[in-house]
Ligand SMILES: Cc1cc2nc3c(=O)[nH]c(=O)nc-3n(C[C@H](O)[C@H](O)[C@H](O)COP(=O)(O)OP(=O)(O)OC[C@H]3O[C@@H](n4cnc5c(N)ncnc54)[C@H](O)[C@@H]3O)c2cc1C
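Given next, in structure tokens, is a single chain: the form predicted on its own.
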């Protein structure tokens, strides 16, 4: 059964060179790079603040790395705003990081619109020429010479008809979802911090990872605890929900409810079993569920786990020095998936990402940015790290600005042209 909407006219805003959909790390990188190239840029964001998982999602820290000037600038500028000096710039203060993003976007003359759902692509044949945004002001058509999909899930690339694979190639299963939260009242002199699934800690009552697996409500069951920029406050990456499709609102709602139901049992576990957490309490939870994996779009090149393990240096690279591990969270439960490697990932060299991973096979006027680029399930578990997503975004932003200025398709921009600005 369907309801047919009445035909209506909606306002058209048609003077943007580049429209970036989504303001997570990839969207921030894209908008800043395009804006600094002189393009007229509009950044559209679903939530009430920029930053995506790095801010609204209460992420603990930037993990992995990438040789990107804009990424290092973000770290330097955000660290200077912290109330308490922190020896490690990758640790995130979400509020200071938001302020840093806004300052940098303003300096780059990027127009930001929050609270806007980008709900459809405007097509001319196989070319996207704009997007439709829905907000409390109604529907608006935003026309652009180039659209960059930095939405994580690739919602607009999907609406435009770009081909993709959902989740793991063999069965389309996806990594679990998480709701980050922070606890206060931690004795930092005695506190335990476990930074990976493969990290362990023995206590008189047993090893912590094993205790968590036994005691916490399934599919939670691991310990990941990280220092924050503020004394006594620790970020917890311990909620977990499997069988979630982040492209479905029913599943997103389920993930929120399930993860919130796990928070108090996790705190009780911390108070009972983990040194330094005897008096801890919840102070805040993320306003954005952490979705790790959904659509992998088909681009002119698909980066693989072999490319990463061999640290391939592509001639047409537009992202350099990318390095992380195979961070595959258990698709059927808690902890690390049997295919993943964190602490024991033994490839120490940085790899590159070619421009073809950002360019959809058939749709013109569109670039992919962030975790939705063309890559395998295993490769994605590496390049989805936020610093690498910033680097991907920067490359896309430069390419989009060049295409807008030259009046050509993004697929006609060469990697060599982009490299000059990296």
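Positions refer to the first chain, counted from 1. Just so it is clear, the structure is predicted and the values come from calculations on it, not from any experiment.
Not pictured, yet referred to below: the form predicted together with the named molecule.
A.B. asks: Go through 53, 37, 378, 70 and name the one with a heavy atom inside 4.5 Å of the named molecule in the model of the complex.
C.D. replies: Of 53, 37, 378, 70, the residue with a heavy atom within 4.5 Å of the named molecule in the model of the complex is 53.
A.B. asks: Could you tell me which one of 21, 398, 18, 410 places a heavy atom within 4.5 Å of the named molecule in the model of the complex?
C.D. replies: Of the listed residues, the single hit is 21.
A.B. asks: Taking 4.5 angstroms as the heavy atom distance cut-off, pick the stretch from 184-192, 265-273, 152-160, 312-320 that is near the named molecule in the model of the complex.
C.D. replies: That would be 152-160.
A.B. asks: Does any heavy atom of residue 292 come within 4.5 Å of a heavy atom of the named molecule in the model of the complex?
C.D. replies: Within the cut-off, so yes.
A.B. asks: Hey, in the model of the complex, does residue 355 get a heavy atom within 4.5 angstroms of the named molecule?
C.D. replies: Taking the distances in the model of the complex, the answer for residue 355 is no, it never comes within 4.5 Å of the named molecule.
A.B. asks: Examine residue 228 and determine whether its closest non-hydrogen atom to the named molecule in the model of the complex is within 4.5 angstroms.
C.D. replies: Looking in the model of the complex, residue contacts with the named molecule do not include residue 228, since no heavy atom lies within 4.5 Å.
A.B. asks: Verify the contact flag for residue 365: yes if a non-hydrogen atom of it lies within 4.5 Å of a non-hydrogen atom of the named molecule in the model of the complex, no if not.
C.D. replies: Flag for residue 365 set to no.
A.B. asks: Looking in the model of the complex, is the named molecule within 4.5 angstroms of a heavy atom from every one of 94, 100 and 391?
C.D. replies: No, none of 94, 100 and 391 comes within 4.5 Å of the named molecule in the model of the complex.
A.B. asks: Using the arrangement in the model of the complex, list in sequence order the residues of 52-67 with any heavy atom within 4.5 angstroms of the named molecule.
C.D. replies: Residues within 4.5 Å: 52, 53, 59, 60, 61, 62, 63.
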